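Below sits a lone chain in structure tokens, taken as the form predicted on its own.
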């Protein structure tokens, strides 16, 4: 008799596409940040602060952080599903990863809008 292993549903194309889209968003943000940083103005604290007081930069940074969080979650979940076979341990590690990722995303939002 074949034992059915339940690892989840609705993975595959959606997660592959999510990885590509989030990677593209992070790449665009990185290019924007590099252009801003090498724009000829010496980066001092007032320049850095002025950059992040602009709404577009805060939104772009939050979008980058959300993309990074989603990208990290899909990657961590896939690694855990592939290599951690005991279901209880895998679930515990997935919950721990989600909590850490959510905490970092919340911390990022707090930094950007305090």
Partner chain sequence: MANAITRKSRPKYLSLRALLFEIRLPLSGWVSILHRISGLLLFFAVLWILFLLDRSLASESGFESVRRYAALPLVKGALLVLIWAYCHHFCAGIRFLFLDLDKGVDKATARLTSVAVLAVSVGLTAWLGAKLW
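These figures come from a predicted structure and were not determined experimentally. Residue numbers count along the first chain shown, from 1.
Beyond the structure shown, there is the form predicted in complex with its partner chain, which is absent from this document and is the topic of what follows.
Looking at 84, 60, 66, 26 here, can you tell me which has any non-hydrogen atom within 4.5 angstroms of its partner chain in the predicted bound form? By the 4.5 Å criterion, the partner-contacting residue is 26.
Since only the chain is shown here, I'm wondering whether residue 56 would be in contact with its partner chain in the predicted bound form (any heavy atom pair within 4.5 Å). Judged by the heavy-atom cut-off of 4.5 Å, residue 56 is well away from its partner chain in the predicted bound form.
Heavy atoms within 4.5 Å of its partner chain in the predicted bound form: does residue 101 have any? Residue 101: yes, in contact with its partner chain in the predicted bound form.
Taking heavy atoms and a 4.5 Å cut-off, does residue 89 contact its partner chain in the predicted bound form? No, residue 89 sits far enough from its partner chain in the predicted bound form that none of its heavy atoms falls within 4.5 Å.
How about residue 18 - does it come within 4.5 Å of its partner chain in the predicted bound form, if we only consider non-hydrogen atoms? Contact with its partner chain, no.
Given a 4.5 Å distance limit between heavy atoms, list every residue of 90-114 close to its partner chain in the predicted bound form, or none if there are none. Stretch hits, in order: 97, 100, 101, 104, 107, 108, 111, 114.
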